[in-house]
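There is one chain below, alone, in structure tokens, taken in the form predicted on its own.
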Amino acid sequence: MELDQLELNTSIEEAEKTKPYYTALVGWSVQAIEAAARMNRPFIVVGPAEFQPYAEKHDIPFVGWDFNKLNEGSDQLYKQLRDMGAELAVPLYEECVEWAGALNARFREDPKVFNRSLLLRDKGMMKRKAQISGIKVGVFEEARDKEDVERFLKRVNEALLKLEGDHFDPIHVKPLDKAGSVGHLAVYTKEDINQIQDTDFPLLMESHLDGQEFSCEAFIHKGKVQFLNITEYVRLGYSNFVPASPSLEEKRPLIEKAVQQLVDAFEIEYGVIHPEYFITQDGTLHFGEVAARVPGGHIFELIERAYGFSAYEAQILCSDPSTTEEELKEFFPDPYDYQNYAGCLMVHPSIEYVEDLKIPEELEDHPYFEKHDMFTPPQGKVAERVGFGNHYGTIFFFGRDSEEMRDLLETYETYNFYI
């Protein structure tokens, strides 16, 4: 073989190694699809089959998949994506986390990646790992039936020295593997236990935690937090704003330390996590739970409005082991580099049937008001709310003062937009 032929063959091999690989977006999110397209990153969407027609219409590479079905053919998803050129999976919602973990374990040839994803999906396992790692959590147990719940309610209140006739402190029950607030119930009495659905078992039971609840959105690469947003909840599941008010932001060093401790304990290497904490007046932090996907409450949209970068792009960048430090430094702003607060109010009708939508002029005239996407249900019947999802529209705000933002959200939280 001549020298020039050797050099030519070598360059072809190098080109093959460096050709663009595909990112598998696991779930369905138009914002994530748009983010990948903006980044000029080849991608494949792995989503529920009902999105196939939309994907075909818009020339989106698509693989239909049932995330609730695990069988002997599940390994075919990895093989199909591998053959299409995928080397990375990014989970977009809760039921996709372990699927993305299984795919990345194969792509990276590291079985522990899958085990870590299971840790982020099972609330009981999650709490045990946190406790073993020295992270403050409440008292918790797992329940298989309503009798377990009744015994736990009694034991917790006995430990709180409650006497016969006293009002019990609540316990909280949550299905082990459902997203966020789905199936979450506060139990004060034996009668409350009857509201628990049989399909919610097995579930996690935990004592009530006092303090202000808030969430963090931590973008992680190579085991280090690259950017941390703190979201202030005005009312959980209804209203929040980004970044947090000065009184909570001043606790940032404490919160940053706690989040990095969580990352280290759970051995999280790449992607985004969405932990929730409770903080008391004296600065004591209690860990609530953590997710490893796009958060609810329009938080990614609020981050983009407040800080000026796409959180969907950030998730993709941080999920990729090949992203460089230089790319991350160039992408993320300083966490204190914001001018205004971005907030939203998620509206759900308080009545069973609606006839019209009423937007007060004073709301639309307020300088913090930006837009809304509320709508009138075509048939009038209001769908039952599941967790904090399927709200009937969102109002978005943007302004300089966090107290004004909080007052605005609290004022319109009880307003009857639907009549």
Partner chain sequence: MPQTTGALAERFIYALDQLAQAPSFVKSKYQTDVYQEANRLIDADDGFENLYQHAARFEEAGVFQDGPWESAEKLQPPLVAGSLKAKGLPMIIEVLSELRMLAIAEGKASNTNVTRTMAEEFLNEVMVLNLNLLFPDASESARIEKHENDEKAEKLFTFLSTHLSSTALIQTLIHEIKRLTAQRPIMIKRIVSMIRMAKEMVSQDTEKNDTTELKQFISAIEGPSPLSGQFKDVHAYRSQLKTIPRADLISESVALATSMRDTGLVAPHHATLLRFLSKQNPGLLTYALSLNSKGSANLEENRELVIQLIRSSIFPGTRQAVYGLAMMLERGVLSHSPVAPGLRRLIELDIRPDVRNALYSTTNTGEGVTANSILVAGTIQVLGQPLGVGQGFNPTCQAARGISLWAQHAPGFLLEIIPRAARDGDLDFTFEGAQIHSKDLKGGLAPDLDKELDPVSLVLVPHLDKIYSEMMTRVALRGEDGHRWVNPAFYGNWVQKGFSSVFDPITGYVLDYNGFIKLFYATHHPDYNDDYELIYPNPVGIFITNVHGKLLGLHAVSITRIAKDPQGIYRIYFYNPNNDGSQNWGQNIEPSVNGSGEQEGESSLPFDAFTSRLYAFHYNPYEQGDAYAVENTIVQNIRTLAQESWGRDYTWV
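Residue numbers count along the first chain shown, from 1. Remember, it's a predicted structure, so these values are computed and weren't measured experimentally.
Only in words, not in the display: the form predicted in complex with the partner chain, which the text now covers.
Contact here is defined as any heavy atom lying within 4.5 Å of the partner chain in the model of the complex, and by that definition each of Y54, K57 and E370 is a contact residue. Put simply, of V30, M39, I351, A49 only one has a heavy atom within 4.5 Å of the partner chain in the model of the complex, and it is V30. The shortest heavy atom separation between M374 and the partner chain in the model of the complex is within 4.5 Å. Of the heavy atoms in E34, some are within 4.5 Å of the partner chain in the model of the complex. Remark: E355 counts among the residues lining the partner chain in the model of the complex, judged by a heavy atom distance of 4.5 Å or less.
By the criterion of a heavy atom within 4.5 Å, D66 is excluded from the residues contacting the partner chain in the model of the complex.
With contact defined as any non-hydrogen atom lying within 4.5 angstroms of the partner chain in the model of the complex, the contacting residues in 345 to 366 are E355, D356, E361, E364, D365, given in sequence order.
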